[in-house]
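Given next, in structure tokens, is a single chain: the form predicted on its own.
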Amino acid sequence: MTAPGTPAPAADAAGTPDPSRRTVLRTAAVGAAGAVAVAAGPVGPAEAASGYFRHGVASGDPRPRRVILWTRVTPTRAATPGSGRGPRIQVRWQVATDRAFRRIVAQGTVRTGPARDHTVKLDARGLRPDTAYFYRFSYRGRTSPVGRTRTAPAHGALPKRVRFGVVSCANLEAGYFHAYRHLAKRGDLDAILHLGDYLYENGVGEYAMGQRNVVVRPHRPRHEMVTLRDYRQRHAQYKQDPDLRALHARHPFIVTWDDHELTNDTWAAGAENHNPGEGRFRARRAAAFRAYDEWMPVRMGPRTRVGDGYRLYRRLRYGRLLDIAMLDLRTYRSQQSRLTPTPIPNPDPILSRPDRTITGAAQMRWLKRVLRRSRAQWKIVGNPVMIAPILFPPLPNEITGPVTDLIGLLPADGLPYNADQWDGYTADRSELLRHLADHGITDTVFVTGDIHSAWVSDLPVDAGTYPLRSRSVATEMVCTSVTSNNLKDILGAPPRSASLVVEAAIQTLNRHVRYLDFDSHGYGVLDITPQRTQMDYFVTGARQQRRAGSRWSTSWQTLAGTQRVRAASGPVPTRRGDR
């Protein structure tokens, strides 16, 4: 996830429809208002130019002196993703400080084969902190595209700033990945935070663009992915998207998954979209995990060997400026509430039970320890689903507590509109927010995906008495989707029309929610300095248009020591060139 100037040893790689989102958005409105081919097919000019390297290159999980490098090799025409065919091969890799590779600082060889779908993933070591590098792979005289990456600052360093692109929820059938294309043009990002739903499991036309499920680009395979072969083929298709491939080649990724990397509304022992006839859930999950491990530039264990572990939650450090705690909120969670309220909210009393968890006990202990012991100024939490309470209405704990204790008929915090978020696991949320308050932990910012809309919120311990009697202990900034349907798409309404009523109602009832946009697709740029953390929100154009543009929408920031958000006057200036 060799000292500079000397060859590195050979790297070790193991050679051997979305009903919940649509229901949530549609019921929120009611309540508040009253074709890319896989490698098996012919290859296009870009793929042909890369020869054996048809799926591009990528890097990820940057540390001060190492970074993960990734590619996939197609050694023979028959060795297509998921086929299990093709020979075991040896691939050479190089890292240099210049794009022409005149100053090579690390290199080696790695073996791969059909057992790991001919993917290559290695830890390039012996690098310098806070330094841009170029990398490439070669096989049988053909060279991959050149990738650019960047190491993290030294643990004791205090950078003047660190800047990330922020994305989530990219459904290939719902449109083109404009957010990726625009982020790939920027030379001023240290990494990309991808907060989940990197790909979608659905079959063709099951969950595409808008009310009519218009298929902009059909999924391959055409059916819902269930087997290891399916997951490998779908990962391969997404990696052939030119905008995603360009972004991977330009910046290192720091990723976590949400549910669609496996299937909709996943929990520890099942999923809403795992149905009879689709086999054992644990077998399906193992297939999804293995394909993710093979195809993503991420450490899922103590080494980069495929299958050496499936623990995705982890900590990354950017000197004394910030720590990043990336969460996994699917693998260990209790089952979601089965109650489907119409229209909203959800009155299921189980949401507050202390034995229900979204993190799992081990991950919660780990997260609390990271937050308490961190010596960095900013604690950034990569959060796949929203933690801010969205309740109808948010009731003071002093009222709901006795009622819940007496009759046990209502959730303790109030009635949520989306029990798939932290709102469905209020005991975990209360434990975490009270931990921040009890230990005086400051400058914690949750950076979140999943909900296909943009939100900015304060995080009070008791939303029902905020801001008069309860203080905010952290903040949250939620990025919208790259392409996945939002409220206007589901309603078929013009932008900034029907959604305005919903947004106003939510903010009126939830005073800690400072900004909300249910209509836009796009991405964020998270800029962190010792003085503040700021998210710039950018909106992209029509999803079905191949070359749609991008524009700045709004900016919000948290000043150091305040634990509250405020509007910023504009986006941070773009730095020029490679850092």
Partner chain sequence: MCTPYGGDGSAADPRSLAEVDLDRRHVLRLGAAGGAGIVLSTALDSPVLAAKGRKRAYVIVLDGMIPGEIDSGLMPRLKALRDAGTAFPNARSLPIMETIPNHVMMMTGVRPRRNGVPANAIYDRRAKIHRDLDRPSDLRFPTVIERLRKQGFSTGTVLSKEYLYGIFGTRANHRWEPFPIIPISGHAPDLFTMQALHSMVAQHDPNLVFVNLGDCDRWGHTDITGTTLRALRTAALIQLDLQIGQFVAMLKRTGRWRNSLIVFLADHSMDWSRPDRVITLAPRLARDPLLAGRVEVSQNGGADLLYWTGPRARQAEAVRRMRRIARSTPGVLSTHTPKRLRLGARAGDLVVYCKAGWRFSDPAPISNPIPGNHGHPATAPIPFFLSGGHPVVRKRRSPARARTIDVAPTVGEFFGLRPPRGGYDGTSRLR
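Positions refer to the first chain, counted from 1. Just so we're clear, the structure is a prediction, and the values are computed from it rather than from any experiment.
One more form of this protein, predicted in complex with the partner chain, exists but is not displayed; see below.
Engineer: Just to confirm the contact call: exactly one of 542-550, 64-72, 527-535, 51-59 touches the partner chain in the predicted complex at a 4.5 Å heavy atom cutoff, so which is it?
Structural biologist: One stretch meets the cut-off, namely 527-535.
Engineer: Since exactly one of T508, S497, T442, T143 fits, which has a heavy atom within 4.5 Å of the partner chain in the predicted complex?
Structural biologist: The option sitting close enough to the partner is T442.
Engineer: Which of these residues, R290, R320, R217, R125, gets a heavy atom within 4.5 Å of the partner chain in the predicted complex?
Structural biologist: Exactly one residue meets the criterion: R320.
Engineer: Considering only heavy atoms, tell me if D438 and the partner chain come within 4.5 Å of each other in the predicted complex.
Structural biologist: Heavy-atom contact with the partner chain at 4.5 Å: present for D438.
Engineer: Taking the partner chain as it sits in the predicted complex, is R99 in contact with it (heavy atom to heavy atom, 4.5 Å or less)?
Structural biologist: No - in the predicted complex, heavy atoms of R99 and the partner chain never come within 4.5 Å of each other.
Engineer: I'd like to know whether L158 contacts the partner chain in the predicted complex, with contact meaning heavy atoms within 4.5 angstroms.
Structural biologist: L158 belongs to the contact set for the partner chain.
Engineer: Mark R469 yes when one of its heavy atoms lies within 4.5 Å of a heavy atom of the partner chain in the predicted complex, and no otherwise.
Structural biologist: Yes.
Engineer: Residue by residue through 548-566, which ones have a non-hydrogen atom no more than 4.5 angstroms from the partner chain in the predicted complex?
Structural biologist: Those in contact are L559, A560, G561, T562.
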